[in-house]
Every structure is written in C-alpha cells, then in structure tokens.
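Okay, so here's just one chain, in structure tokens, the form predicted alone.
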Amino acid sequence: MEIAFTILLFIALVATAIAIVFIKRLFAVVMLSGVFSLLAALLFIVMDAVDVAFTEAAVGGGISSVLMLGTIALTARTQKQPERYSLVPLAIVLLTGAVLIYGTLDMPNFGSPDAPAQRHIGPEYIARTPTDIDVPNIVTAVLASYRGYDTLGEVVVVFTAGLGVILLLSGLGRRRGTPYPRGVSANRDQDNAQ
C-alpha cells in the first residue's frame, strides 16, 4: 500500500511539472509550484524525513509562493511568447536528468539494513547521543547538535525569505501609487509643473 502511494505521488509530481511547463498564465504556474512543493513534502513524509518535509512545505510551498506572487504583482501576468524556440535547454535538462538517474543506480535500496548509513553512522549516533547530548529523541539531538550549523543555516534562509516578502509587500503600495479620487487628473503632477 505504501509503495502504491509513493508511486502515485511520483506520478502527481511529474504531471504537475509537465503542467507547469505548458501553462502560460503565471498565477497558475505559481499555484502549481506550491502544489509541487506540497506533493514533495508528502513524499518526504512517506520516506520518514519529516524535518525535510516541514522545510519543503514552509519554504517551497509557503514563502516561495508568496515571493512569486509579489513578483507577479510587480510585473506581467502572462508569459511572453518566445521569438524562437531552442532545443538546447531541453537537451540540458534531459542530460542532467540522465546523469542523476545514472548516479542512483548503485545506491542501496531505500531502508536497506545493509546501507552504509545503517551500518556505520546510524549505530554510532544511537550509541553516542544519550551520553553526548542527553536528549531522548535522537532526531532532535542530531538536528539541534550534530547538525546545528545546518539547522541554523535553514533558519537563516527562512528568516531572510520572510524578511524579503515583508519588504516587497510593504513597498508594493508605494510603487503602484495610490489611486486618485474621482475628478482628479492622473497627470496632476505634470499639470502643476507647467
């Protein structure tokens, strides 16, 4: 049952990515990008990586969507038609995908007890965590202590993105200008200068 759900999530991810490529309305692209991030977060949850799922949902589905919506508010609503089509970007993406798939061929199966992380690193963390850190939850101990700088970096990224969103949204009204009351010319500044 879990394998079927994982395959269904992968199919939904691929379908969402294909839809993003072909849609011309940028608002729909932003919404589908958020859906893609939330599907990826679900996939991370299925793979028991809840901390990564939380970061993906917060940054990919939340903050990135708000940043892209703010960008759309400041720019165009639809994608401009390219003057000519090039197959070079498609070739680069296909080549990169092939290299990534080739790189995973010699990896151990997911959850395999013979994986190097299960045989060498995992038992060491399990043995050292109670004496080194005295935290009963090993995942929390790894994230807060052994990977403390990594977690701090993630927090800084989320904080910086949130600060950027606040700055973008606070300046949006000033850039657009306030609407003039009825009967007042939109060019009143130019009229006063003359």
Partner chain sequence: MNDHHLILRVITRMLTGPILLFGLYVQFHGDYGPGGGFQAGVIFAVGFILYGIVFSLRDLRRLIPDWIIHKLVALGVLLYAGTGIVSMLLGANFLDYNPLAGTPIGGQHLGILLVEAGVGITVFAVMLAIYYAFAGRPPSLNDEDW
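Since the model is a prediction, treat every value here as computed from it, not as a measurement. Positions refer to the first chain, counted from 1.
If you look for the form predicted in complex with the partner chain, you will not find it shown, but the lines that follow are about it.
Asker: Though only this chain appears here, would residue 93 touch the partner chain in the predicted complex if you measure heavy atom gaps against 4.5 Å?
Answerer: Outside the cut-off, so no.
Asker: Using a 4.5 Å heavy atom cut-off, state whether residue 51 contacts the partner chain in the predicted complex.
Answerer: Judged by the heavy-atom cut-off of 4.5 Å, residue 51 is in contact with the partner chain in the predicted complex.
Asker: Is residue 74 a contact residue for the partner chain in the predicted complex, using a 4.5 Å heavy atom cut-off?
Answerer: It does: once the partner chain is placed as it appears in the predicted complex, residue 74 has a heavy atom within 4.5 Å of it.
Asker: Can you work out whether residue 165 and the partner chain are in contact in the predicted complex, taking contact to mean some heavy atom pair no more than 4.5 Å apart?
Answerer: Yes, residue 165 lies within 4.5 Å of the partner chain in the predicted complex.
Asker: Does the trio 137, 149 and 152 actually contact the partner chain in the predicted complex, every residue with a heavy atom within 4.5 Å?
Answerer: Looking in the predicted complex, the three residues 137, 149 and 152 all sit within 4.5 Å of the partner chain (heavy atoms).
Asker: Within 4.5 Å, heavy atoms only, which of 35, 41, 29, 58 is in contact with the partner chain in the predicted complex?
Answerer: When the partner chain is considered in the predicted complex, the option within 4.5 Å is 58.
Asker: If the CA atoms of residue 41 and residue 136 move by 3 Å or more in the predicted complex, do they move toward each other or away, so closer or farther than here?
Answerer: Their C-alpha distance shrinks by at least 3 Å in the predicted complex.
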